[in-house]
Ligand code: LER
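Here you get one chain, nothing else, as structure tokens; it is the form predicted on its own.
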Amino acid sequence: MFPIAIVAAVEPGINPLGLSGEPELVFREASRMGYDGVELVIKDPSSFDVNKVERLSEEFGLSVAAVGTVPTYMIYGLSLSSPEKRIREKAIERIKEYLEIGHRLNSPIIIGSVKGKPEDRRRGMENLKSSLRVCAEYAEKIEARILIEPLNRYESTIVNTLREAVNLRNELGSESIGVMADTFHMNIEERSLYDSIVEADGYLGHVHIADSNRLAPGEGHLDFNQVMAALDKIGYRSFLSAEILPLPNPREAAEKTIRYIKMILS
């Protein structure tokens, strides 16, 4: 049985693909539904109340499955591949703050949209590699972890498949870096969800689950039996984390997800 988490935000001004609201309410709801953890999307790592999260994590018996960095790009416009050195440097400093939170919570941080969407792919990749080397060095220093998330071609022009993420990780050569999968993006970019997961054996540290339409699993056409079979084949035992559109509302979407995934796993 894989532990199951749900994406959540506990700061004002963020509406993630999952739950959001006051910290205690989010943790209580996730625990009541039967989740094993929450994946926190953090807007401002410099002012984030890690102490409160540690207390709530212990109180409700929930792990922090991962730390999401989406607002760095989506709200603040910072990316690790920007052609502007000043922007890359700001993004790196922000990632270091996320890494410190990840270290405190024993949670990997996710490098997804913060990779950026460069028009010049070759130059963008070189900038991304240079930025990630600095981030990886800091992660190694404080014993934190980074996971590279491939996004579909409409959301990013670089690192769209698991194979590309694995190749990037190997080129960087840092033990602090792993990769993660997202079934929504994989449905667009991968020839086979099963094969791409199996080929990522040894690198996969986290999995986002959502159906083909980004709704709760079971609301689209993805074959989650195949996904679970592939994860089982490679001995994956980390989190399945629901990153889903909060439709028809966040609570109902979250409850549909946990019911469906537990049914598949059983």
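What you are looking at is a predicted structure, and each value in this text was computed from that prediction instead of being measured. All residue numbers are counted from 1 along the displayed sequence.
The same protein also has a form predicted together with this ligand, omitted here; what follows describes it.
- Annotated contacts: 110, 113 and 151 all touch this ligand in the predicted complex [non-hydrogen atom within 4.5 angstroms].
- Only one segment in the set 46-54, 29-37, 206-214, 234-242 has any non-hydrogen atom within 4.5 angstroms of this ligand in the predicted complex, and it is 206-214.
- Think of it this way: in the predicted complex, this ligand has a heavy atom of just one of 155, 140, 126, 120 within 4.5 Å, and the residue is 155.
- At the 4.5 Å threshold, heavy atoms of residue 185 reach this ligand in the predicted complex.
- Under a 4.5 angstroms non-hydrogen atom cutoff, this ligand in the predicted complex has residue 70 among its neighbouring residues.
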